[in-house]
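Single chain ahead, written as structure tokens, the form predicted alone.
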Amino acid sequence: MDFTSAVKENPNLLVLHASSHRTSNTYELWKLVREGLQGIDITEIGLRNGTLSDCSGCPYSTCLHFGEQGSCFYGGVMVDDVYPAVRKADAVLLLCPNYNDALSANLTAFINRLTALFRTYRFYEKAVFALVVSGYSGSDIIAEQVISALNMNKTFFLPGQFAMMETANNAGEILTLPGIRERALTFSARVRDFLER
């Protein structure tokens, strides 16, 4: 009950997505949330258009060997951009559109590829947050996948009410939801509270 996280100097938030800036309701929701995070150091990385290869399951010894070097057999954006950004971040925010009640392929690939770094690095002091937008239903299923993959499996710290879950189907519909700006700013305040304490 007396738990407090480590004090953060110049806190950094890493935002990972695989969303189209033009049509994604999830990305539109992120833009609303970002309005409440002015002054926070934010690193945003898009994992779209074939930039990220999924893990193909190297033997443990191979994964450990590359992980000890802060690398991965498959290289690319994970090694060049994502691993350094994860190390720097105090919190990771995933933008999670609901694709058939599953995380998107690119976010799943990110989680899978994080294993090489996890071989030698623990994420106990890093929080995980999520913005989940479903067309009809199932946001809770996506949030549970984030908990399972990053909190329970990869040791990220899980703040209370870590996920904001909304329902919007057609492009731009998220912006028409009653009270959406207020809910987005409430979520921003939750993220900011973790980063600035």
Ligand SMILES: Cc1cc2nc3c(=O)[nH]c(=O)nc-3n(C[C@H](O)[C@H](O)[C@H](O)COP(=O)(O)O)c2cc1C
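Numbers for residues come from their place in the sequence shown, where the first is 1. Quick caveat: nothing in here was measured; it's all calculated off a predicted structure.
The same protein also exists as the form predicted in complex with this ligand; that form is not shown, yet it is the one meant from here on.
Original post:
Wondering, does Ala163 line up within 4.5 Å of this ligand in the model of the complex on heavy atoms?
Top reply: So Ala163 does not count as contacting this ligand.
Original post:
Heavy atoms within 4.5 Å of this ligand in the model of the complex: does Tyr60 have any?
Top reply: Tyr60: no contact with this ligand in the model of the complex.
Subject >> Asn169: touches this ligand in the model of the complex, heavy atom cutoff 4.5 angstroms >> reply: Looking in the model of the complex, residue contacts with this ligand include Asn169, since a heavy atom lies within 4.5 Å.
**OP:** Find out whether any non-hydrogen atom of Asp101 is located within 4.5 angstroms of this ligand in the model of the complex, and reply yes or no.
**Re:** Taking the distances in the model of the complex, the answer for Asp101 is yes, it comes within 4.5 Å of this ligand.
**OP:** Would you kindly say which of Gly70, Gly36, Gly46, Gly135 lies with a heavy atom within 4.5 Å of this ligand in the model of the complex?
**Re:** Only one option qualifies, and that one is Gly135.
Original post:
Tell me which of 61-69, 37-45, 153-161, 24-32 has residues with heavy atoms within 4.5 angstroms of this ligand in the model of the complex?
Top reply: This holds for exactly one stretch, 24-32.
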